[in-house]
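In what follows, one protein chain appears twice in different forms, each by itself as structure tokens: structure 1 and structure 2.
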Structure 1
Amino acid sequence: MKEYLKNTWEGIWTVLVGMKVTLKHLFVPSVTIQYPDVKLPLPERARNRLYVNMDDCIGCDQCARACPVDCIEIETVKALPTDDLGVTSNGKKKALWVTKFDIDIAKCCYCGLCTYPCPTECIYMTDVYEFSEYKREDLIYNFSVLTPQEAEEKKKNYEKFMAEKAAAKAKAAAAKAAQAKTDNPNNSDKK
């Protein structure tokens, strides 16, 4: 009988204690935020979407080699001596046309290893973390500032230049050889 009454009392009392707790929480400011409208600040070194500042990129390919999942693809073409590509922000002279700089962000594992070797610090992690797409192809980001036509043109220019150079070289070599032959024909056996 005593236990029965104690049970009843405890039942009612514990419910009242619980109700006090929930009532207190009714007036506690909520911990949730209105996400798309309000965003929590990210930590300073948070790693999210990659970005490449193409003004500073010298096309050295070090980031692509550092990438453990091979999500960066870079193709470069050497610039002609007549081309002026300008200098990077830390004073390095650019010597390559970057004809292709693709990052497949779907493959990216956000390790940040590509950002460390970059000599000009032009590839870095931004604080953008909402970039879902409907198509997988849309997750391949093209950073190259050159249009495909321009890239093709640079490539052709370079090939032409190289061909000319090779031709000139061959011509010069031939001329040199011919001259050497005429100068001292006996020396050729000495080597």
Structure 2
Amino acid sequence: MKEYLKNTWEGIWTVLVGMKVTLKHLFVPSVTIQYPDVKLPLPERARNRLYVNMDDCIGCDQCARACPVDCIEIETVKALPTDDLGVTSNGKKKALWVTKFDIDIAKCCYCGLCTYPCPTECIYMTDVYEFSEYKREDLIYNFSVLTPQEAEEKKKNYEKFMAEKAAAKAKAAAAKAAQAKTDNPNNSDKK
């Protein structure tokens, strides 16, 4: 009988100890973060999604060369002498049209190596870390400000300019050769 009463008392005692802990925490404010509404502050050097400020990008391709996983894809076209692309925020003159600047965030390993070599500091890590998508194609971010039609137009204009320049150079060389031939008609007879 003693054993029975001892076991009953231990059972009641353990329930009372558990209720003490429960009642103590019942009136203490909660420490749970309500995630979608409240977010924890990120550390100062947190690495998250990349962003490119295209107003400052000069198309130097240094970020793409520094990327260890090749998630940055850049295509550029030289500007014509008549084009004025402006300057970046730190005073560098732009000489290239950036026709394509894509970052595949699905490939990105968030190392931050692409941010350091940029001479205009136009690519940097943001504090955005929520960017899940249903399709993998939606994780390719296009930062180019030119539409595909404008990019094709810039490429065609540059090719046309280079063809005209080559034609003018060939014409000048032919004129120079003809001038040299008329100046020295005896040189061709001596051979």
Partner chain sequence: MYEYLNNIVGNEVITYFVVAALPLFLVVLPFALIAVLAERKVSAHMQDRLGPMRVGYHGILQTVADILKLIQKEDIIIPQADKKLFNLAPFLVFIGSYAVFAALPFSSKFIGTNAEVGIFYILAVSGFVVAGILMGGWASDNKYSLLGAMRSAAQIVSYEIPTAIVVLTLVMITGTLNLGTMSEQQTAYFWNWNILGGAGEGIQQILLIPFMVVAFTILFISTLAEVNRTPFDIPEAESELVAGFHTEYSGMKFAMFFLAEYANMFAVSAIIVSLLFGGYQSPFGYLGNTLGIPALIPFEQLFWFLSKGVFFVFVQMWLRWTLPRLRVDQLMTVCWKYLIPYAVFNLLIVGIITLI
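By convention here, residues take numbers in order along the sequence of structure 1, the first being 1. All values derive from a computational prediction rather than experimental measurement. Rigid core here is just the name for the largest C-alpha set that superposes within 1.5 Å across the two forms.
Trainee: With both forms of the chain shown on their own, indicate which is the form predicted in complex with the partner chain.
Mentor: The form predicted in complex with the partner chain is shown as structure 1.
Trainee: Is A167 among the residues whose Cα moves by 2 Å or more between structure 1 and structure 2 after superposition of the rigid core?
Mentor: Comparing the forms between structure 1 and structure 2, which are aligned on their rigid core, A167 does not shift its C-alpha by 2 Å or more.
Trainee: By how many angstrom is the Cα of T8 displaced between structure 1 and structure 2 when the rigid core is overlaid?
Mentor: C-alpha shift for T8: 9.4 Å.
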